[in-house]
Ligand SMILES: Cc1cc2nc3c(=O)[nH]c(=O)nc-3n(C[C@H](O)[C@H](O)[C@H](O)COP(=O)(O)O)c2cc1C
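This document opens with one chain alone, in structure tokens, the form predicted alone.
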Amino acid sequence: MTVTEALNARRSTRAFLPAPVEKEKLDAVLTAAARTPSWANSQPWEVFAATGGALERIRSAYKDKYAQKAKADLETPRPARWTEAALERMQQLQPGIKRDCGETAAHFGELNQALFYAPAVLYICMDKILSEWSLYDIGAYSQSVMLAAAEQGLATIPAITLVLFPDVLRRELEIPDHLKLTIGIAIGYADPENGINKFVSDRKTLEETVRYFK
């Protein structure tokens, strides 16, 4: 699989099969992602992989949090503002899902709250003393993880809903106080029978994105 093929194959999978991910494949993905460039070779990423019983306890605790209408406590704040163009693209998300997925679009919220029923979630952290510059490196590392996963035949989705309740994650994964949770990436085998996975979001064109100067 070429890099371009991996980019085209990767999509945000919102429903996974219960089959566990082989540790050998997770190791291969994370070994490949370790080649990600970072500022002055700082390599700020630290990964906590939740599988099996640990992930089921997290899923159950999240279910309780939602039932109690608990307030999210994100350690990496949401953006205070979005550009008009970004807002327009975000507003197209739900109509696009309904268009492509039909009746299964109604399960969008349930799947988010259930951590997409993924058999594994990679929680990516960085030291709290680091600045926003290191978040760039975390983003690059996350992309490397997802492309390497595609090569292994694995599906992924990075999602803010995976890190909504840090107290649960810190308890179950023994995350040290000096680390900050940045993002979670659900990983596993896509459920081919679930219509929610038919959705592929549109992308800006080259003309909308790139300005060439000579």
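Everything numeric in this text was worked out from a predicted model, so none of it was measured. A residue's number is simply how far along the shown sequence it sits, counting from 1.
What follows is about the form predicted together with this ligand, which we do not show.
The partner is absent here; in the predicted bound form, the one residue of L169, I157, V29, A50 having a heavy atom within 4.5 Å of this ligand is I157. Contact check for R11: a heavy atom falls within 4.5 Å of this ligand in the predicted bound form. Using a 4.5 Å cutoff between non-hydrogen atoms, Y141 does not count as a contact of this ligand in the predicted bound form. A residue is said to contact a partner when one of its heavy atoms sits within 4.5 Å of a partner heavy atom; Y123 fails this definition for this ligand in the predicted bound form, lying far away. Under a 4.5 angstroms non-hydrogen atom cutoff, this ligand in the predicted bound form lacks Y136 among its neighbouring residues.
Taken together, N112, T161 and R203 are fully in contact with this ligand in the predicted bound form: each brings a heavy atom within 4.5 Å. If you take 82-96 and check each residue for a heavy atom within 4.5 Å of this ligand in the predicted bound form, you get just L93.
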